[in-house]
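In structure tokens, one chain follows: the form predicted alone.
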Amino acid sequence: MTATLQPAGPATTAGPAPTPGRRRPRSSAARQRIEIVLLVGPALILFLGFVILPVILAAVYSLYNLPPAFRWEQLAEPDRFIGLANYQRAFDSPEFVRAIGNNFIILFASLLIQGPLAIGIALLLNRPLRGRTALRLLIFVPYVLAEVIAGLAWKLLLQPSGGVNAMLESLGLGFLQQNWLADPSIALWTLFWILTWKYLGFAIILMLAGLQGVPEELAEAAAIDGASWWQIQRHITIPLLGPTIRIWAFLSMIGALQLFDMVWVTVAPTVRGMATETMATYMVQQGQFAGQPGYGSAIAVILFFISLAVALIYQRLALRRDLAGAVTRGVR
């Protein structure tokens, strides 16, 4: 009996056999597109309908001399189209030029006064302090109040016979009593005080949130090296707080340019026209109450482009470093 040798079979390896790469089925790609449309579509429709479309309509209306209650077909009337006359009228108006100046006064005052105040108070509240949580709550309360409620409250307190003058009289400081909201020489700064009281809490909370991202190890190392508390804040904490400060400054600038409700509610129309008019209040006064929708639309377009220009310039000069890593391209 003879044995026969069989040829050796192919070598086998442990584990599953490799499978060639497969393309993603078309149904999966189509499903992703449908999900994107369903998720983005409603927000995009709202953005187009409530932001882009009003801007386009305002730009169209600004080229016409329109009656208070106009119809769309009136745009076709030959004597309605006046081109850029509304814009020329706006820049020739001393009231509107003053309103632009008031907006920028509030803008720079906010940056120069509210910013340092918010940083200083946030640094103090970031230290171990008894009742720190209650102080944070009290500081933030004015911000959550509605602008109308806060404006009416201050309007009553600042009346000639209101609570502020009564308090000054009781403290023996009657010589400081003023017609705070009726005197054109101080009405704008009185308004700025109200705005500071209203919005300082938001700035402080924003700074406190930014301080939570500052590593404590850096301050401890600097303290070991002999740095004082002020030196630590100046050379370590505040520089690391820079992105938060720049974001707050951007929000404050846009808010100052678009300021409307607190001015409208707090200051009487006569004083507002002489001292505290802003671009937004002037727009509503002329466009709605004076019955000039075309002229009011021109003011709205000017306000839009001033805000856009300030935002783009600030982004280019100040936010460029912060946004450098925020916009990313697709990962390959």
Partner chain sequence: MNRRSTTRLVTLAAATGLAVASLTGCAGGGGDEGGDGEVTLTWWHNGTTGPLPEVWEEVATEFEEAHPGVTVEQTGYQNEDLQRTLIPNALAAGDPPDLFQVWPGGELRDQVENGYLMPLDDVIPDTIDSVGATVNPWQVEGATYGIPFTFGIEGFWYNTDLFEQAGIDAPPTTLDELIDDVGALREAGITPIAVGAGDKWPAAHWWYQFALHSCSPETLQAAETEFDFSDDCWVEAGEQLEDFLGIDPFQEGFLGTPAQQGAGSSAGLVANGQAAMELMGHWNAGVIGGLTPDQQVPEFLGWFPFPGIEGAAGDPTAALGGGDGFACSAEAPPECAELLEFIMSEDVQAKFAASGAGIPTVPAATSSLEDPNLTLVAEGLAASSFVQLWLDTAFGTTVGNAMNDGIVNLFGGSGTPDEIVTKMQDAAATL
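Whichever C-alpha set is largest while still superposing within 1.5 Å between the two forms counts as the rigid core. These figures come from a predicted structure and were not determined experimentally. Numbering follows the first chain given and starts at 1.
There is another form of this protein, the form predicted together with the partner chain, and it is not shown here; the text below is about that form.
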Quick one: from Met283, Val271, Ile302, Leu63, grab the residue that has a heavy atom within 4.5 Å of the partner chain in the predicted bound form.
-> Val271
Exactly one stretch in 215-223, 254-262, 187-195, 71-79 has heavy atoms within 4.5 Å of the partner chain in the predicted bound form; which is it?
-> 71-79
The partner chain in the predicted bound form reached by all of Leu38, Arg89 and Glu95, non-hydrogen atom within 4.5 Å | yes
State yes or no: in the predicted bound form, is some non-hydrogen atom of Gln292 no more than 4.5 angstroms from a non-hydrogen atom of the partner chain?
-> yes
Mark Gln231 yes when one of its heavy atoms lies within 4.5 Å of a heavy atom of the partner chain in the predicted bound form, and no otherwise.
-> no
Contact label in the predicted bound form: Asn126 to the partner chain, heavy atom within 4.5 Å | no
Residue contact check: Leu240 to the partner chain in the predicted bound form, 4.5 Å heavy atom | no
Which of the residues spanning 164-198 lie within 4.5 Å of the partner chain in the predicted bound form, based on heavy atoms?
-> Asn179, Ala182, Pro184
Classify Ile34 as shifted (yes) or not shifted (no) between this form and the one not shown, where shifted means its C-alpha moves by 2 Å or more with the rigid core superposed.
-> yes
